[in-house]
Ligand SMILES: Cc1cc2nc3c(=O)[nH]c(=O)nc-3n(C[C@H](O)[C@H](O)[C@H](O)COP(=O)(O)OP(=O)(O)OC[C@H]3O[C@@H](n4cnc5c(N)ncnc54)[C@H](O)[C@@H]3O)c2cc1C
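First comes one chain, alone, set out as structure tokens in the form predicted alone.
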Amino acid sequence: MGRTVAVIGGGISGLAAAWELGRSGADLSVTVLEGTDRVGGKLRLADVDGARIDVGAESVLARRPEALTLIEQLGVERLTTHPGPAGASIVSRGGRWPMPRGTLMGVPSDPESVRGLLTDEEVERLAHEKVEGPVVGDVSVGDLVDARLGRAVTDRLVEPLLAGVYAGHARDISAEQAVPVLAAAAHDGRPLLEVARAAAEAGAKGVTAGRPVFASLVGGLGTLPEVLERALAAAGVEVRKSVVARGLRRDGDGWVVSTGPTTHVVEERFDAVVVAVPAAPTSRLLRHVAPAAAAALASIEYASMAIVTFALEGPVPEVMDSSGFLVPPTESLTIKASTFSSVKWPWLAAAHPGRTFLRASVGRHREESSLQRPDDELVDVALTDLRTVLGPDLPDPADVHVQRWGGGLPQYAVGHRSRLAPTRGLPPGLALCGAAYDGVGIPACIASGRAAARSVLTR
């Protein structure tokens, strides 16, 4: 009889782990235990005015290979699509400014490229970077940029970009974890501007020159879990939904997973377990079998957010002349970004030529008050902010969808990497994966899941 492996969690990390296990060629019986009634985690489609569109993550970083490799292995690479040519913009001091080209997480490669978005005085401060020797240990991205390039660069360039990735604050987020190339420069005592210029040159002339930065699938990125679930079934992987894992304990050289309600607990033994759920439930599962790892995971905070999607009748309004905009926290707006989906994704515009879709993001770490509104008030706030930026003539929506992501994004606080050291020394046959560890993007989560699968295979 072959070995049995449980994957706890059916988000993209858990599905990637199950895929790696299922195609390994080993004699395995793989079971995915998903606590909700659907797989996919933060990848989700919803019906908005008769169209199925993404209401969670909508793209992957195309310059990392993991997501596109998985798409190719699943046989749906023909559906890969990329954003249209329109660039994004940043709201600053009430106006919209084109997103500067050649920035490294907001650090400009050319100070002149941000003149206007920043004042002349702020550009002068940026251009004369203050390098005062090597930085020892981890620091926040914001504190590093503040000291080197001035607070305005953090406030108006770095903050909106990091908020788009983490829904957090630049002065809380680990440089080592979020922007390791900037952290490495700080440790070496090198200028950040020099690193940003090198990155811009590599992007223009290197192996990725000319390649799109982002990618998705025709039909929405939310179709990826659907395709993956069908492929797993074809490979003999069992996916159980609405099955909550409540306990984990050692049993000889294997593991017992407890599921079900407290009034009817079901125990099942597996030879190995991959845990692919967020930090808090993982901490609870590990509290007896790996207490140090459980304590480390319990310290990770998460940000909640909401995506408000609007459907407008008619073609794209002229004012929507970019792919969307980012909002620094210095602006007096509640939303932190808006994506003009029908502009950004040509497949969506072609599929629904008589409608325009756009969405707004609400919520930053420790700013949950912005989300403590009923859906209709959240819609009103988002629409008011959109009209503040785009003008009062933005049409009333024909349909609206609100998707809340409670505890959706882990926060990589300063010292995150060293704090999680106990999670890298687990007993044999147990592995962890997901956004809490080495990256919140879809490619990073896929890499994490596949690495966890290989770990339990080899041990």
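The structure displayed is predicted, hence computed values, not measured ones. So that there is no doubt, residue numbering starts at 1 and follows the sequence shown.
Separately, the form predicted together with the named molecule exists; it is not shown, and the next lines address it.
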Tell me whether Glu159, Pro180 and Pro328, taken together, all sit within 4.5 Å of the named molecule in the predicted bound form, counting heavy atoms only. no
Counting only non-hydrogen atoms and a 4.5 angstroms cut-off, does Pro443 reach the named molecule in the predicted bound form? yes
Taking the named molecule as it sits in the predicted bound form, is Ala147 in contact with it (heavy atom to heavy atom, 4.5 Å or less)? no
Examine Gly56 and determine whether its closest non-hydrogen atom to the named molecule in the predicted bound form is within 4.5 angstroms. yes
Is Val76 near the named molecule? Define near as a heavy atom within 4.5 Å, in the predicted bound form. no
Heavy atom within 4.5 Å of the named molecule in the predicted bound form, from candidates Met305, Leu117, Ala382, Ala272, belongs to Met305
Using heavy atoms only and a 4.5 Å cut-off, determine which of Leu126, Leu378, Val277, Leu248 is in contact with the named molecule in the predicted bound form. Val277
Segment that reaches the named molecule in the predicted bound form - one of 237-245, 106-114, 181-189, 313-321, heavy atoms within 4.5 Å: 237-245
Just to make sure I understand: among 5-20, which residues lie within 4.5 Å of the named molecule in the predicted bound form, judging by heavy atoms? Ile8, Gly9, Gly10, Gly11, Ile12, Ser13, Gly14
